[in-house]
Each structure stands twice: as C-alpha cells, then as structure tokens.
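Take a look at this single chain, the form predicted on its own, given in structure tokens.
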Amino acid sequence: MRLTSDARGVYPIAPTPFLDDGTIDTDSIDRLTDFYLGCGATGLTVLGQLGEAPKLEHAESVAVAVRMIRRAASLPVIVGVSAPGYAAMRALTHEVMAQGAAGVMIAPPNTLRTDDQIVGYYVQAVEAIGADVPFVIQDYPLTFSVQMTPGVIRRIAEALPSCTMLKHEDWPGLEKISTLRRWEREGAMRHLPILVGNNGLFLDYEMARGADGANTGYAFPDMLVDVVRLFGQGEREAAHDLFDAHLPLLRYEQQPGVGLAVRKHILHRRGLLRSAALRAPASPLSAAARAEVEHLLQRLARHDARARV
C-alpha cells in the first residue's frame, strides 16, 4: 500500500510507548494501533517529531515501525525518517518500505536558510532514498526554524513527483493553505494533499481553508476524526462546537517541552498506554501539572464523554 495524492482524513501521529524502565512496550503499540483502527483513522504516522525517534536505536526504530505496519495492515503507515544525514535516512527508509510502509516523512534540517537550499535538500533526499518512495514534506517552522513559502512547496512538488503530501504545521499558516489551494484551482500547481499538524490547534479553520484532514498526535484522535467528518458532511457549526470543547486541553497539550508528557499521561489514563513514561532524557509531569490536566479532563467531560477517564 503506497501513499497517494488521494490521502485525506486523519493520520494520527503515534507516540512510542515505553515501560518505566525505558524499554519499548510492544503491547501498548498494539493497543494504540487497534484504537486508531477502531476510531476511524484513515492512516497512521510513526516515528514522528513527538514519537521520540531520536531516542531510538536504528533497530528499535525499524521494530516499532514494522510492528505498527503489520498490526494496521488495512491502513497506510507513514514512517518518519528525518535524520542528520542521508545515509541514516536511506537505511531506515529502505527497511521500512520493504516491510510495507506507505511512505516516509522528511523534515528539513535547521541549517537551511534560502529557498534554493530547501528545494536542493529535498532533491538530494529523493536521490538518496529513491524516486519511487512516496514522501511527505513536514513544514514545521516553529520547531525546525525553516521557513517554507508556498512557492518553495510548489517547487518541491513540481520537481519531485514522489512528493505525495504536505504536513502543514506553520503558525500562522492559514493564508499558506489558501494560496496553495488557489494555485491548484488555477492550474498553477498539481494537487497535493494537505494534512495539518501542530496538535490540531487550528484544525477548524484549516479545514475551512481547504485542508484535507489532520496528521497530528492529540490524545483524542477520535475527536479529530469527528471534526474532519463533520466538516466533510457540511456540518460546520457542529464541528466548531466539538472542537471548541477540546480547545483548552489542546492548548495545554501543545506546550513546548511538556506536551508529550501531557499526551502520554492522558493516553495512559485512557487505558491505551501501560505507562506514561518518556525515555530519558525527559522530565515527568509535576504533581501540579497532573492536577491541571485532570481538571481539564473533568471540564471536557461535561461536553464529551470520552474525557471521563
């Protein structure tokens, strides 16, 4: 199953589950995957920015990806392969594609400054992994400090047919989505699916601007599925109402440095992770932070019973 330009819906970013001693929790990988399958996800992404990929050995990365690929055999699975050099990127790409991955996600290194450097980086990445491998552009300037203009994204898409999806995580970025969609309508750019990240903080208006869905890791991916579905059915106000109920928790979970710990805590409370542990180096949630998350869950439960964990 290969990723195509028809991608849409919700591709949750899966965290990497660990036990308290730092070893990989394979049982929780299975529970998470089954949950994603059951809640209506249309694809999955593993080893993303918040999948703690840099903390894994190469063999562990392959093992985690392959377990999810095999468990989610009916869904396309994208594997994050971003690396400091092309050799590591190539090795991981070839192993996971041979095991059935649908494609890979590549983020730009923070050393890129000019438009030509950004385009050149992706051209060389494709030369390294192979032009037959579908890849996703991860546009996340808040983390990677690389500013991709709509023009740069169009240049990459036109130069590289294997570019199959944009993971849009710019902020502010609504005008970028509008520009790309306008170019598509005018015939100035081929169709490129846009799935949004950034914890879904702007999913409501990103969908209205023309996004095709979400590719992020919020602890309630089932809510993201519902919001995308409601927009697709034309039930815009119902989508906004559901999204608004989750927004305080979305905001809290998006905090830099602590967000993944919050997400894992909630997934643990939902019974999907055996442990909320992060692999070292990491800082656990303080007692005060845990109390705040519990308060947010209680408030959310007034509007969405899924928060009654």
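Position 1 is the first residue in the sequence shown; the rest follow in order. Since the model is a prediction, treat every value here as computed from it, not as a measurement.
The next section is about a form of this same protein that is not shown, the form predicted together with a further copy of the same chain.
Asks: Check whether H240 has any heavy atom within 4.5 Å of a heavy atom of a further copy of the same chain in the predicted complex, and answer yes or no.
Replies: H240: yes, in contact with a further copy of the same chain in the predicted complex.
Asks: State yes or no: in the predicted complex, is some non-hydrogen atom of P256 no more than 4.5 angstroms from a non-hydrogen atom of a further copy of the same chain?
Replies: P256 belongs to the contact set for a further copy of the same chain.
Asks: So in the predicted complex, is a further copy of the same chain close enough to E158 to count as touching (4.5 Å, heavy atoms)?
Replies: E158: no contact with a further copy of the same chain in the predicted complex.
Asks: Would F135 count as touching a further copy of the same chain in the predicted complex under a 4.5 Å heavy atom rule?
Replies: Contact with a further copy of the same chain, no.
Asks: Is every one of P84, E292 and H295 within 4.5 Å of a further copy of the same chain in the predicted complex, counting heavy atoms?
Replies: All three within 4.5 Å in the predicted complex.
Asks: Sort through 69-77, 161-169, 187-195, 107-115 and report the only stretch with a non-hydrogen atom within 4.5 Å of a further copy of the same chain in the predicted complex.
Replies: Single hit among the candidates: 107-115.
Asks: Give, in sequence order, every residue of 194-222 that has a heavy atom within 4.5 Å of a further copy of the same chain in the predicted complex, or say none if there are no such residues.
Replies: The stretch 194-222, when checked against a further copy of the same chain in the predicted complex, contributes L201, F202, D204, Y205, R209 at the 4.5 Å heavy-atom cut-off.
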